[in-house]
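In structure tokens, one chain follows: the form predicted on its own.
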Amino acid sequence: MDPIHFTERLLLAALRRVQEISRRRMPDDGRRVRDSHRFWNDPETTDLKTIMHWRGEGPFEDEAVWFGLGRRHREMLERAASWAEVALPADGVVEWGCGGGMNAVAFSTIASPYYGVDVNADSLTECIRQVEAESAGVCVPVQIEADSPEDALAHIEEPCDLFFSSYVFEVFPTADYGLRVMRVGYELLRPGGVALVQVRYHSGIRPVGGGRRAYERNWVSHTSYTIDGFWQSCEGIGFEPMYVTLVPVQPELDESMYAYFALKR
């Protein structure tokens, strides 16, 4: 064997070895989904109520911040509904990842019923409590397992006019998982309905987030998308993207690189 071919074989063998080691170190998608479910349901998770946006916790000790972000999201959803020519008050709104009810309370004036989807039972209970405390309409809790987002379709039988999610897609275990949720959202909407979904974006050079690292080490920015990539993926699902609003800095939560996509079914 000539030296050139021998060297090529050595390099190829080394490359295969590196790839094999990398595969062994990478948790599979199913494992990361399970890890995420455990994280959001573990009472030992640090500041769990804060990161689920409960009223009176963390930055929401200042209730003006809690109510203010909810109102801002309501105004953004009103704008998206106007673009899609959805009349308000709308016939049903689904929020994916309702947390402690910050948006549920604000949405009562623009849609009913409100369906709050979450993997954490305590947050669903808190969401209902806040809606009742503020006399904010009808709140229907929908608890799912992280590995079965499609189960929401069995709990929400009537099509809705609005679908919303904020501060949730960035904590999904994978980018593909987020697209699974978008497919569920598409199915939950009636034809002509509108989705407003916030994601964390990146430039395409170096994604923010955890990649293949353990979920709990980087949950706050685990998943991100390029603007055009998410736009085109939603088109592939069947959505008609209308516009995107960039929020490079979110001072209330000390976060950055947020994008809100308005999409019509």
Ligand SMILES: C[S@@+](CC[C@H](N)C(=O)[O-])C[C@H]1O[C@@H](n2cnc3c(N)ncnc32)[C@H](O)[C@@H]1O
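Predicted model, so just to flag it, every value in this text is computed and none were measured. Quick note: we count residues from 1 along the sequence shown, nothing fancier.
The discussion below concerns the form predicted together with the ligand, not included here.
Asker: 182, 195, 94, 98: which sits within 4.5 Å of the ligand in the predicted complex by any heavy atom?
Answerer: Answer to the contact question: 98.
Asker: Of 237, 65, 227, 51, which one comes within 4.5 Å of the ligand in the predicted complex, counting heavy atoms only?
Answerer: Selected option: 51.
Asker: With the partner removed from view, which of 152-160, 184-192, 139-147, 76-84 is the stretch that lies within 4.5 Å of the ligand in the predicted complex, judged by heavy atom distances?
Answerer: In short, 139-147.
Asker: Can all three of 102, 118 and 172 be found with a heavy atom no more than 4.5 Å from the ligand in the predicted complex?
Answerer: Yes: 102, 118 and 172 each sit within 4.5 Å of the ligand in the predicted complex.
Asker: Please determine whether residue 131 contacts the ligand in the predicted complex, using a 4.5 Å cut-off between heavy atoms.
Answerer: Outside the cut-off, so no.
Asker: Is residue 106 part of the interface with the ligand in the predicted complex - any heavy atom within 4.5 Å?
Answerer: It does not: once the ligand is placed as it appears in the predicted complex, residue 106 has no heavy atom within 4.5 Å of it.
Asker: Using 4.5 Å between non-hydrogen atoms, is residue 168 touching the ligand in the predicted complex?
Answerer: Yes, contact at 4.5 Å.
Asker: In the predicted complex, does residue 40 have a heavy atom within 4.5 Å of the ligand?
Answerer: Within the cut-off, so yes.
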